[in-house]
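Below you will find one chain, with nothing else, as structure tokens; this is the form predicted on its own, and questions on how it binds or moves follow later.
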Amino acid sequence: MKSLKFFTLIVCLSSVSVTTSLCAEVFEVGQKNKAFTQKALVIKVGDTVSFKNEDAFFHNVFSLSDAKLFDLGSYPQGVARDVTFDAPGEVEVECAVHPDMTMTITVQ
């Protein structure tokens, strides 16, 4: 077991592309009561954020930030859509349906 942990550590430290696939994390951000469940999130390059709609109406999550441009389109309650962040920077996230819904993701 010790040798497996050591091997995994070496693989994660030795290659950026391997690091992205083996060491990346998934974070969940809900949309509830016309707000994101987190106002700010700090993640690493290669991590994924899953945006889950917990409201009984549609949301449309998007970002026009230089660090990550995306538009998840409108989707209903119970549906989650994922975004993988592949470059460092500050990402301002908004909802096209509810303009007061904003959050910031810092990608390190």
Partner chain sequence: MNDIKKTLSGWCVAGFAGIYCMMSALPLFASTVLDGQMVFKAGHASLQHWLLPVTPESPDDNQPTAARIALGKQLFFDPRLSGDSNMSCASCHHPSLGWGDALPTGRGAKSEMLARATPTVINTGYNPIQMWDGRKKTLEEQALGPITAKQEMNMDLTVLLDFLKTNTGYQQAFADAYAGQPLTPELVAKAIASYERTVISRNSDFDRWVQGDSKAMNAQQVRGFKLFVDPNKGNCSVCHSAPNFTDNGFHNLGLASFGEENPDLGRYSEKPIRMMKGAFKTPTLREITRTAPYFHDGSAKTLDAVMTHYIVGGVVKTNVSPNLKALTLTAQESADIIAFLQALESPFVEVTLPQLPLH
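Model, not experiment: these values are computed from the prediction. Positions refer to the first chain, counted from 1.
Not pictured, yet referred to below: the form predicted in complex with the partner chain.
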Can you check whether D82 is within 4.5 Å of the partner chain in the predicted complex, heavy atom basis? no
Please check if K39 has a heavy atom lying within 4.5 Å of any heavy atom of the partner chain in the predicted complex. no
Is F27 close enough to touch the partner chain in the predicted complex, meaning at least one heavy atom pair within 4.5 Å? no
Heavy atoms within 4.5 Å of the partner chain in the predicted complex: does C23 have any? no
Output flag, K44, P88 and T104 jointly within 4.5 Å of the partner chain in the predicted complex, heavy atom basis: no
Any residue of 57 to 74 with a heavy atom within 4.5 Å of the partner chain in the predicted complex counts; write them all down in order. F57, F58, N60, F62, L64, D71, S74
